[in-house]
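Below sits a lone chain in C-alpha coordinates, taken as the form predicted alone.
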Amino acid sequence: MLPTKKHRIALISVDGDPAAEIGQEEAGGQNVYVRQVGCALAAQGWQVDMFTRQNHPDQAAIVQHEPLCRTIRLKTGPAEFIGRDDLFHHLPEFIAEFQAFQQEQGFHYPLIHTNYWLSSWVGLELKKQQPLIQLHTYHSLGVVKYNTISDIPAIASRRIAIEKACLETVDRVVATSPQEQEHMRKFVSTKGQIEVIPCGTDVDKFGFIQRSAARQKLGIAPDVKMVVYVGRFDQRKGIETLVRAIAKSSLRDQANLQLVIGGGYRPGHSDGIERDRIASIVAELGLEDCTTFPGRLDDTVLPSYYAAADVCVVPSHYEPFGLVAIEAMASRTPVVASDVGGLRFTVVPEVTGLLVPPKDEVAFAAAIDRILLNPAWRDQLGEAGRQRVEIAFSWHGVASRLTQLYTHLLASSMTSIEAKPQVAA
(Lines give C-alpha, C1' and ligand atoms only; values in the text may rest on other atoms or scores of the structure.)
Protein backbone atom coordinates (compact mmCIF):
# COMPACT_ATOMS: atom_id res chain seq x y z
CA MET A 1 0.00 0.00 0.00
CA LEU A 2 1.47 3.36 -1.03
CA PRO A 3 1.17 6.45 1.16
CA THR A 4 -1.93 8.46 0.32
CA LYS A 5 0.26 11.55 0.07
CA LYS A 6 3.99 12.07 -0.16
CA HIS A 7 5.01 12.48 3.47
CA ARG A 8 8.50 13.83 4.03
CA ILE A 9 10.31 11.54 6.45
CA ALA A 10 13.80 11.50 7.96
CA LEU A 11 16.17 8.57 8.26
CA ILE A 12 18.83 9.44 10.84
CA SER A 13 22.18 7.67 10.80
CA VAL A 14 24.64 9.93 12.61
CA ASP A 15 27.62 7.58 12.35
CA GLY A 16 26.75 5.74 9.12
CA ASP A 17 26.85 8.02 6.07
CA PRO A 18 24.47 6.62 3.40
CA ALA A 19 26.57 8.31 0.71
CA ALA A 20 29.90 6.90 1.95
CA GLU A 21 32.01 4.44 0.01
CA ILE A 22 31.31 1.05 1.55
CA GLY A 23 34.37 -0.66 2.98
CA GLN A 24 35.88 2.43 4.55
CA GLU A 25 36.51 2.43 8.28
CA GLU A 26 33.23 1.79 10.14
CA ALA A 27 31.31 1.90 6.84
CA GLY A 28 29.43 -1.31 6.24
CA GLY A 29 26.00 -2.86 6.54
CA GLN A 30 24.37 0.07 8.33
CA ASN A 31 25.38 2.49 5.58
CA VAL A 32 24.03 0.11 2.92
CA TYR A 33 20.79 -0.44 4.83
CA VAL A 34 20.00 3.24 5.27
CA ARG A 35 20.78 4.20 1.68
CA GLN A 36 18.95 1.25 0.11
CA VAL A 37 15.93 1.63 2.37
CA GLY A 38 15.86 5.36 1.62
CA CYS A 39 15.98 4.87 -2.14
CA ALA A 40 13.43 2.04 -2.06
CA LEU A 41 11.05 4.13 0.06
CA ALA A 42 11.46 7.04 -2.36
CA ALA A 43 10.47 4.70 -5.20
CA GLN A 44 7.24 4.08 -3.30
CA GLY A 45 6.41 7.76 -3.02
CA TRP A 46 8.02 8.96 0.21
CA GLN A 47 10.17 12.08 0.27
CA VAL A 48 13.21 10.77 2.11
CA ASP A 49 15.90 12.90 3.77
CA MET A 50 18.77 10.86 5.24
CA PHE A 51 20.75 12.69 7.92
CA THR A 52 24.33 11.94 8.89
CA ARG A 53 27.35 13.91 10.11
CA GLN A 54 29.99 15.58 7.97
CA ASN A 55 33.31 13.81 8.52
CA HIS A 56 35.48 15.62 5.97
CA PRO A 57 35.61 19.33 5.08
CA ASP A 58 35.43 18.58 1.34
CA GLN A 59 32.22 16.55 1.57
CA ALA A 60 29.11 17.91 -0.13
CA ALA A 61 26.49 19.08 2.36
CA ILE A 62 23.72 17.44 0.30
CA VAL A 63 23.96 14.41 -2.00
CA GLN A 64 20.94 13.75 -4.21
CA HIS A 65 20.54 10.01 -4.85
CA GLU A 66 17.09 9.99 -6.44
CA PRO A 67 14.53 12.74 -7.11
CA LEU A 68 12.89 12.00 -3.75
CA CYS A 69 15.91 10.76 -1.79
CA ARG A 70 18.96 12.66 -0.56
CA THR A 71 21.70 12.52 2.07
CA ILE A 72 22.12 15.62 4.25
CA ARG A 73 25.36 15.98 6.18
CA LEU A 74 25.18 18.07 9.34
CA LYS A 75 28.05 19.68 11.21
CA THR A 76 28.69 17.51 14.26
CA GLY A 77 32.04 18.06 15.90
CA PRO A 78 35.17 18.55 13.78
CA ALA A 79 34.80 17.58 10.09
CA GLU A 80 36.97 14.49 10.42
CA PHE A 81 36.59 10.80 11.13
CA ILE A 82 35.51 10.18 14.73
CA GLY A 83 35.03 6.64 15.99
CA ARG A 84 31.55 5.66 17.14
CA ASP A 85 32.61 5.31 20.75
CA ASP A 86 33.78 8.94 20.78
CA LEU A 87 30.80 10.61 19.09
CA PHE A 88 28.27 10.85 21.90
CA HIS A 89 29.28 14.24 23.34
CA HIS A 90 28.95 15.80 19.85
CA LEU A 91 25.30 14.75 19.47
CA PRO A 92 23.74 17.95 20.91
CA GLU A 93 25.31 19.82 17.99
CA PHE A 94 23.72 17.33 15.57
CA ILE A 95 20.30 17.99 17.15
CA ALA A 96 20.77 21.76 16.92
CA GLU A 97 21.77 21.47 13.25
CA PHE A 98 18.80 19.21 12.54
CA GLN A 99 16.40 21.69 14.15
CA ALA A 100 18.00 24.56 12.24
CA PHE A 101 17.56 22.65 8.99
CA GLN A 102 13.87 22.08 9.72
CA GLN A 103 13.37 25.76 10.53
CA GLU A 104 15.19 26.81 7.36
CA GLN A 105 13.07 24.46 5.26
CA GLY A 106 9.84 25.50 6.97
CA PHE A 107 8.55 22.08 8.05
CA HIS A 108 8.87 19.44 10.76
CA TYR A 109 9.30 15.75 10.01
CA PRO A 110 6.25 13.82 11.27
CA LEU A 111 8.21 10.55 11.31
CA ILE A 112 11.88 9.70 11.84
CA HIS A 113 13.57 6.31 11.54
CA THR A 114 16.78 6.26 13.59
CA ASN A 115 19.67 3.83 13.09
CA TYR A 116 22.18 2.65 15.71
CA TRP A 117 22.14 3.70 19.35
CA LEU A 118 23.70 7.14 18.81
CA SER A 119 20.85 8.11 16.49
CA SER A 120 18.29 6.64 18.88
CA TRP A 121 19.39 9.16 21.51
CA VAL A 122 19.06 11.95 18.95
CA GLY A 123 15.51 10.79 18.21
CA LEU A 124 14.56 10.52 21.86
CA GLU A 125 15.77 14.08 22.46
CA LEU A 126 13.93 15.39 19.38
CA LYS A 127 10.70 13.83 20.66
CA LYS A 128 10.98 16.06 23.73
CA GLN A 129 11.10 19.14 21.47
CA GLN A 130 8.48 18.38 18.80
CA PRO A 131 5.68 15.90 18.08
CA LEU A 132 6.96 13.04 15.94
CA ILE A 133 6.82 9.29 15.45
CA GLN A 134 10.11 7.49 16.04
CA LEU A 135 11.08 4.08 14.72
CA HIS A 136 14.47 2.57 15.41
CA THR A 137 16.77 -0.10 13.98
CA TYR A 138 19.63 -1.10 16.29
CA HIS A 139 22.08 -2.70 13.79
CA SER A 140 23.89 -4.12 16.82
CA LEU A 141 23.15 -4.40 20.53
CA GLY A 142 25.71 -3.19 23.03
CA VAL A 143 24.99 -5.91 25.55
CA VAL A 144 25.60 -8.59 22.90
CA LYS A 145 28.64 -6.88 21.37
CA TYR A 146 30.37 -6.38 24.71
CA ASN A 147 30.04 -10.09 25.46
CA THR A 148 32.24 -10.82 22.43
CA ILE A 149 35.11 -8.40 23.13
CA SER A 150 37.58 -7.96 25.97
CA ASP A 151 38.27 -4.22 25.58
CA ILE A 152 35.03 -2.66 26.84
CA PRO A 153 34.83 1.08 25.97
CA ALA A 154 34.03 3.72 28.57
CA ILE A 155 30.76 4.55 26.78
CA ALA A 156 29.41 1.00 27.27
CA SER A 157 27.16 1.60 30.28
CA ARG A 158 25.62 4.72 28.70
CA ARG A 159 24.99 2.86 25.44
CA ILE A 160 23.27 -0.03 27.21
CA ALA A 161 21.05 2.36 29.19
CA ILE A 162 20.08 4.31 26.05
CA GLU A 163 19.29 1.13 24.12
CA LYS A 164 16.97 0.06 26.95
CA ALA A 165 15.25 3.47 27.04
CA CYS A 166 14.89 3.37 23.26
CA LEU A 167 13.15 -0.02 23.20
CA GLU A 168 10.79 1.03 25.98
CA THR A 169 10.02 4.50 24.55
CA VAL A 170 9.99 4.69 20.74
CA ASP A 171 6.86 4.01 18.70
CA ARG A 172 8.32 0.90 17.12
CA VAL A 173 11.62 -0.95 17.02
CA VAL A 174 12.40 -2.70 13.74
CA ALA A 175 14.32 -5.95 14.31
CA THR A 176 16.03 -7.36 11.24
CA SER A 177 15.65 -11.00 12.28
CA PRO A 178 13.72 -13.11 14.81
CA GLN A 179 17.05 -13.77 16.51
CA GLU A 180 17.64 -10.05 17.01
CA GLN A 181 14.13 -9.70 18.44
CA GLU A 182 14.87 -12.56 20.83
CA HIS A 183 18.07 -10.85 21.96
CA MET A 184 16.20 -7.61 22.58
CA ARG A 185 13.67 -9.34 24.79
CA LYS A 186 16.27 -11.42 26.61
CA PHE A 187 19.01 -8.84 27.13
CA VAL A 188 17.47 -5.36 26.74
CA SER A 189 13.83 -5.16 27.92
CA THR A 190 10.53 -7.03 27.90
CA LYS A 191 8.76 -3.70 27.28
CA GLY A 192 8.23 -1.87 24.00
CA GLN A 193 6.88 -2.83 20.59
CA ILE A 194 8.99 -4.74 18.06
CA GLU A 195 8.31 -5.55 14.43
CA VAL A 196 10.52 -7.96 12.48
CA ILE A 197 11.37 -6.61 9.02
CA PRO A 198 14.57 -8.07 7.52
CA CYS A 199 17.28 -6.27 5.60
CA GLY A 200 17.33 -6.64 1.85
CA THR A 201 19.62 -6.74 -1.13
CA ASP A 202 19.54 -5.57 -4.73
CA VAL A 203 18.22 -8.63 -6.57
CA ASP A 204 18.82 -6.85 -9.89
CA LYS A 205 22.50 -6.11 -9.16
CA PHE A 206 23.52 -9.60 -8.07
CA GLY A 207 23.02 -12.92 -9.79
CA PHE A 208 23.16 -11.92 -13.46
CA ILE A 209 26.70 -13.00 -14.32
CA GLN A 210 27.68 -16.64 -14.68
CA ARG A 211 30.60 -18.06 -12.70
CA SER A 212 32.63 -18.68 -15.87
CA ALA A 213 32.08 -15.12 -17.17
CA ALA A 214 32.88 -13.62 -13.75
CA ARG A 215 36.13 -15.55 -13.57
CA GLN A 216 37.10 -14.52 -17.06
CA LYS A 217 36.47 -10.88 -16.12
CA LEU A 218 38.58 -11.17 -12.97
CA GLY A 219 41.34 -13.29 -14.51
CA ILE A 220 40.60 -16.35 -12.34
CA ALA A 221 41.17 -19.79 -13.86
CA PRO A 222 38.14 -22.07 -14.36
CA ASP A 223 39.57 -24.84 -12.13
CA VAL A 224 40.31 -22.63 -9.11
CA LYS A 225 38.59 -23.50 -5.82
CA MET A 226 37.74 -19.96 -4.75
CA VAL A 227 36.77 -18.92 -1.22
CA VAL A 228 35.79 -15.29 -0.73
CA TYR A 229 35.35 -12.98 2.26
CA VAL A 230 33.75 -9.56 1.80
CA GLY A 231 33.57 -6.97 4.56
CA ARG A 232 35.38 -4.66 6.91
CA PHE A 233 38.69 -5.42 8.56
CA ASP A 234 37.55 -5.76 12.17
CA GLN A 235 38.51 -8.46 14.66
CA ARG A 236 34.83 -9.12 15.33
CA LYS A 237 34.40 -10.15 11.69
CA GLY A 238 36.40 -13.32 12.36
CA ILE A 239 38.76 -13.12 9.38
CA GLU A 240 41.49 -14.80 11.42
CA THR A 241 39.23 -17.84 11.88
CA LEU A 242 38.76 -18.05 8.11
CA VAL A 243 42.49 -17.81 7.40
CA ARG A 244 43.28 -20.52 9.94
CA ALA A 245 40.48 -22.67 8.49
CA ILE A 246 42.05 -22.43 5.03
CA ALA A 247 45.34 -23.56 6.56
CA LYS A 248 43.53 -26.66 7.87
CA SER A 249 41.65 -27.37 4.62
CA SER A 250 42.19 -30.77 3.03
CA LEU A 251 42.68 -28.84 -0.22
CA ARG A 252 45.43 -26.61 1.15
CA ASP A 253 48.23 -28.28 -0.76
CA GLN A 254 46.39 -28.14 -4.07
CA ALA A 255 47.63 -25.44 -6.40
CA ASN A 256 44.14 -24.32 -7.34
CA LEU A 257 42.89 -23.28 -3.86
CA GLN A 258 42.47 -19.50 -3.61
CA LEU A 259 41.34 -17.28 -0.72
CA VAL A 260 40.16 -13.76 -1.56
CA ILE A 261 39.82 -11.31 1.34
CA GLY A 262 38.01 -8.25 0.00
CA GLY A 263 37.64 -5.04 1.95
CA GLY A 264 38.90 -1.47 2.07
CA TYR A 265 41.20 -0.12 4.75
CA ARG A 266 43.18 2.95 5.71
CA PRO A 267 46.81 2.47 6.77
CA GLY A 268 47.36 3.45 10.39
CA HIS A 269 43.66 3.32 11.28
CA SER A 270 41.96 0.44 13.08
CA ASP A 271 40.95 -1.30 9.84
CA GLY A 272 44.46 -0.90 8.40
CA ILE A 273 45.98 -2.30 11.58
CA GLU A 274 43.65 -5.30 11.41
CA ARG A 275 44.44 -5.83 7.73
CA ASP A 276 48.15 -5.90 8.55
CA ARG A 277 47.50 -8.37 11.39
CA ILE A 278 45.59 -10.69 9.06
CA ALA A 279 48.33 -10.42 6.43
CA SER A 280 50.92 -11.40 9.05
CA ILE A 281 48.87 -14.50 9.96
CA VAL A 282 48.61 -15.39 6.26
CA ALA A 283 52.40 -15.17 6.02
CA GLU A 284 52.93 -17.10 9.26
CA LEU A 285 50.76 -19.96 7.96
CA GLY A 286 52.45 -20.03 4.57
CA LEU A 287 49.30 -19.01 2.67
CA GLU A 288 50.68 -16.03 0.76
CA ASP A 289 50.69 -17.89 -2.58
CA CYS A 290 46.98 -18.67 -2.38
CA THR A 291 45.67 -15.49 -0.68
CA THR A 292 44.87 -12.17 -2.32
CA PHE A 293 43.78 -8.83 -0.84
CA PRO A 294 42.03 -6.97 -3.70
CA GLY A 295 41.05 -4.00 -1.50
CA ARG A 296 37.62 -2.41 -1.49
CA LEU A 297 35.22 -4.15 -3.87
CA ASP A 298 32.92 -1.50 -5.31
CA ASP A 299 29.72 -2.06 -7.28
CA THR A 300 31.62 -2.44 -10.56
CA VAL A 301 33.37 -5.64 -9.39
CA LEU A 302 31.54 -6.90 -6.28
CA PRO A 303 28.88 -8.89 -8.18
CA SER A 304 31.64 -10.59 -10.18
CA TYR A 305 33.59 -11.60 -7.06
CA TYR A 306 30.50 -13.14 -5.49
CA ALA A 307 29.61 -14.95 -8.72
CA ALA A 308 33.17 -16.19 -9.29
CA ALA A 309 33.41 -17.77 -5.82
CA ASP A 310 32.66 -21.37 -4.97
CA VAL A 311 31.78 -20.35 -1.43
CA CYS A 312 31.41 -17.10 0.51
CA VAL A 313 32.43 -17.23 4.17
CA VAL A 314 30.93 -14.99 6.88
CA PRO A 315 32.92 -15.90 10.01
CA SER A 316 31.66 -13.06 12.24
CA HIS A 317 31.64 -13.42 16.01
CA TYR A 318 28.20 -11.76 15.92
CA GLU A 319 25.91 -10.34 13.24
CA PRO A 320 22.44 -8.86 13.89
CA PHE A 321 21.62 -9.69 10.26
CA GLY A 322 24.55 -10.10 7.84
CA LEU A 323 24.06 -8.39 4.47
CA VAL A 324 27.02 -10.17 2.88
CA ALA A 325 25.29 -13.52 3.30
CA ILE A 326 22.26 -12.51 1.27
CA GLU A 327 24.37 -10.70 -1.34
CA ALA A 328 26.25 -13.96 -1.90
CA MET A 329 23.02 -15.96 -1.95
CA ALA A 330 21.54 -13.53 -4.48
CA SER A 331 24.63 -14.29 -6.59
CA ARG A 332 23.93 -18.04 -6.43
CA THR A 333 26.96 -18.62 -4.21
CA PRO A 334 26.55 -20.84 -1.12
CA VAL A 335 27.47 -19.42 2.29
CA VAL A 336 29.42 -20.84 5.20
CA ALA A 337 28.66 -18.63 8.21
CA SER A 338 28.94 -18.45 11.96
CA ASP A 339 25.94 -19.88 13.77
CA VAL A 340 25.12 -16.55 15.44
CA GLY A 341 22.53 -13.78 15.40
CA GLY A 342 20.73 -13.00 12.17
CA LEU A 343 22.89 -15.43 10.18
CA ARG A 344 20.72 -18.17 11.71
CA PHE A 345 17.80 -16.51 9.92
CA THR A 346 19.35 -15.74 6.54
CA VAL A 347 21.32 -18.96 5.96
CA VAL A 348 19.29 -22.19 5.91
CA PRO A 349 21.64 -25.04 6.89
CA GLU A 350 22.06 -27.73 4.23
CA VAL A 351 19.74 -25.72 1.94
CA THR A 352 21.50 -22.42 1.12
CA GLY A 353 24.78 -23.07 2.94
CA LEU A 354 26.18 -24.21 6.26
CA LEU A 355 26.32 -22.78 9.78
CA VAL A 356 29.21 -23.57 12.14
CA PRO A 357 30.25 -22.41 15.61
CA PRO A 358 32.02 -19.03 15.62
CA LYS A 359 35.81 -19.00 16.11
CA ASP A 360 35.95 -22.75 15.32
CA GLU A 361 38.54 -22.98 12.55
CA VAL A 362 38.29 -26.78 12.35
CA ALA A 363 34.53 -26.64 11.79
CA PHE A 364 34.91 -23.88 9.21
CA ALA A 365 37.54 -25.89 7.36
CA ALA A 366 35.28 -28.95 7.25
CA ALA A 367 32.27 -26.94 6.05
CA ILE A 368 34.25 -25.14 3.34
CA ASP A 369 35.71 -28.44 2.13
CA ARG A 370 32.28 -30.08 1.92
CA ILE A 371 31.17 -27.49 -0.61
CA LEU A 372 34.45 -27.24 -2.54
CA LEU A 373 34.57 -31.01 -2.99
CA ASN A 374 31.01 -31.27 -4.32
CA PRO A 375 30.38 -28.87 -7.25
CA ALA A 376 26.92 -30.29 -7.97
CA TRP A 377 25.81 -29.66 -4.38
CA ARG A 378 27.46 -26.24 -4.51
CA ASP A 379 25.25 -25.32 -7.47
CA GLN A 380 22.16 -26.72 -5.75
CA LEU A 381 22.84 -24.64 -2.63
CA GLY A 382 23.42 -21.58 -4.80
CA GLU A 383 20.12 -21.89 -6.65
CA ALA A 384 18.22 -22.36 -3.38
CA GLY A 385 19.93 -19.27 -1.99
CA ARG A 386 18.88 -17.17 -4.97
CA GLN A 387 15.28 -18.32 -4.60
CA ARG A 388 15.27 -17.50 -0.88
CA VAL A 389 16.56 -13.97 -1.49
CA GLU A 390 14.04 -13.28 -4.26
CA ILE A 391 11.19 -14.36 -1.99
CA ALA A 392 12.26 -12.84 1.34
CA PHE A 393 15.03 -10.25 0.99
CA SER A 394 14.48 -7.73 -1.80
CA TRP A 395 14.76 -4.03 -0.92
CA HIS A 396 11.39 -3.47 -2.61
CA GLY A 397 9.83 -5.96 -0.20
CA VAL A 398 11.54 -4.35 2.79
CA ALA A 399 10.32 -0.89 1.71
CA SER A 400 6.79 -2.21 1.18
CA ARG A 401 6.66 -3.54 4.73
CA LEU A 402 8.13 -0.32 6.13
CA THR A 403 5.58 1.66 4.08
CA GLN A 404 2.77 -0.31 5.69
CA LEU A 405 4.22 0.29 9.16
CA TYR A 406 4.90 4.01 8.59
CA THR A 407 1.43 4.55 7.11
CA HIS A 408 -0.22 2.73 10.02
CA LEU A 409 1.67 4.75 12.63
CA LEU A 410 1.01 8.06 10.87
CA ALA A 411 -2.70 7.26 10.55
CA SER A 412 -2.88 6.24 14.21
CA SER A 413 -1.14 9.46 15.19
CA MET A 414 -3.62 11.57 13.22
CA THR A 415 -6.56 9.65 14.69
CA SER A 416 -5.17 10.24 18.19
CA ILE A 417 -4.82 13.98 17.55
CA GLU A 418 -8.32 14.25 16.10
CA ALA A 419 -9.76 12.31 19.03
CA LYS A 420 -8.42 14.74 21.62
CA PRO A 421 -11.11 16.99 23.04
CA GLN A 422 -10.93 20.55 21.76
CA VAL A 423 -10.82 23.35 24.35
CA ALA A 424 -13.51 25.96 23.69
CA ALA A 425 -12.29 29.47 22.96
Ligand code: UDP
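Bear in mind the structure is a predicted one, so any value in this text is a computation, not a measurement. Numbers for residues come from their place in the sequence shown, where the first is 1.
Below, we refer to the form predicted together with the ligand, which is not included among the displayed structures.
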| query | finding |
| --- | --- |
| Contact residue in the predicted complex, from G322, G123, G353, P315 (heavy atom within 4.5 Å of the ligand) | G322 |
| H90, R185, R252, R236 - the one with a heavy atom within 4.5 Å of the ligand in the predicted complex | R236 |
| The ligand in the predicted complex: contacting segment from 209 to 217, 74 to 82, 324 to 332, 239 to 247, heavy atom within 4.5 Å | 324 to 332 |
| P349 within 4.5 Å of the ligand in the predicted complex, heavy atoms | no |
| Close approach of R232 to the ligand in the predicted complex, 4.5 Å, heavy atom | yes |
| Any non-hydrogen atom of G264 within 4.5 angstroms of the ligand in the predicted complex | yes |
| Exercise: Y306 in contact with the ligand in the predicted complex, heavy atom 4.5 Å | yes |
| Residues of 289 to 309 having any heavy atom within 4.5 Å of the ligand in the predicted complex, listed in sequence order | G295, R296, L297, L302, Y306 |
